[in-house]
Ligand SMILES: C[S@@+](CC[C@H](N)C(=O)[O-])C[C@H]1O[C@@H](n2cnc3c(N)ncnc32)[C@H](O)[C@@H]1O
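Encoded as structure tokens, the following chain is the form predicted on its own, with no partner shown.
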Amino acid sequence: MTQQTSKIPISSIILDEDIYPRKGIDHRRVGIFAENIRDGFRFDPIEVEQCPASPDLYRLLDGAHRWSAYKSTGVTEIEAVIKDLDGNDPLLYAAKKAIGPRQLSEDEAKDTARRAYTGNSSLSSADIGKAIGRSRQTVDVYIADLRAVNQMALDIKIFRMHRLGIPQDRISERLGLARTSFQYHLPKMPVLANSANGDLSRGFTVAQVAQKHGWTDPMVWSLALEGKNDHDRFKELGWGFNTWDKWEWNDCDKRFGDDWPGRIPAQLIAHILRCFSKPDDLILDPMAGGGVTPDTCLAMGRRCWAFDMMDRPETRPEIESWTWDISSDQGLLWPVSAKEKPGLIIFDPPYFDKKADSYDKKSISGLSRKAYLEFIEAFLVLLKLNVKKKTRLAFINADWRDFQNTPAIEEKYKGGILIDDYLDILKRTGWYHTHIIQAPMSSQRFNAGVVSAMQEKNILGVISRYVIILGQEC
């Protein structure tokens, strides 16, 4: 650990209760220290670290009573050791320093142990015990219930990823588990399923079972619909099946996927799965966003490998972290090395310029028109190199016209990206379409004020969206 000693303004130091191991400040002790300071007594420097969220501030690691005493005597600067903990837990470091003058009370020790474990479940009982001055066995008692909940949460993550067909080595890596630890969890999977199935058989609804067991609705649907054909799955889910090549819904099914920019209806994904894949097929979603595709795959009995640049290991462990970076020296890279190849790819990229401000800065939505189309072309080439000859591609995108404030009669082709542009790129990269399905976006995206202004100026808005189904053979 690096450190430096310097005088810093006392006003720039805060007491962060998140990393303070004691229940409060002992004001009697502060008063004694203040008297000592007035008598000319010099204390050891306090210890601080820079606040993670506010680099101009420092939070106390050791010396809360000395700091309080100096403040009460009107001192404006204080001598401090500025610590760099190099990733070590600041709460446990502060706890270890606090037991120097006097032991933590039983309540303080238990509270600190529980807070430390909650913040970092990989901490061992021995490590926590050393910091708070308690034995490993005592810490085990302190955190037994938290550990049980954490293990259950881990089991649920494994169950979900296992259900989607993600290989064991990738599950282990994603969850930070050693292979030996992973093998310990696998036997619990049937027990989890039996418990939920038992409640379903007793007449509990999917939503009720999900709430009781801490599951997501799609996970429970994967059990409730197991063994059923696609027609019956649709019926159970309350989805009508569109027989024709126009798929239209006003709302997204909120049971599937997170609230996300450009959220797509689960009904649309389900139609693609029903028409162009079979149960247990492997589906690839390279830009999974809010997770509609893996959620729908659970309900439809498909396996799914999903990737996205937004890493959410706690809430979306099944969506593996990956950024498709065309600017790297090696060009676009494939995220996994696996013998099995997907039978269907659902490629729903962030649309050009739409909601660019809502996406990550690295999103392709914010690229220039030229760069966006170049990325699409490079990505389609990469797909061909990493999938089977019979793999189908469902490419979802929309016309983009810069219609803002422009009457329809004045619009020009230049600058737009239309379905024709995508079809040209697809054919050029060796993908040949078999179906072009209309799947318009809801006109409810436009509020009444916007619609009124558009009508006054004869502006035509865009709700067109297409699902283009392609193969690699003419």
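Note that residue numbering follows the sequence shown and begins at 1. Because the structure is a prediction, the values reported are computed rather than measured.
Absent from the display: the form predicted in complex with the ligand. The rest refers to it.
Note that among 235 to 243, 104 to 112, 85 to 93, 261 to 269, the stretch whose heavy atoms approach the ligand to within 4.5 Å in the predicted complex is 261 to 269. Exactly one listed residue, out of Asp217, Asp399, Asp199, Asp308, brings a non-hydrogen atom to within 4.5 Å of the ligand in the predicted complex: Asp308. Think of it this way: in the predicted complex, the ligand has a heavy atom of just one of Ala394, Ala288, Leu273, Leu284 within 4.5 Å, and the residue is Ala288. Contact annotation for Lys341: none of its heavy atoms lies within 4.5 Å of the ligand in the predicted complex. When contacts are judged by a 4.5 Å heavy atom cut-off, Pro349 counts as touching the ligand in the predicted complex.
In the predicted complex, the ligand stays beyond 4.5 Å of every heavy atom belonging to Thr138. Of the heavy atoms in Trp249, none are within 4.5 Å of the ligand in the predicted complex.
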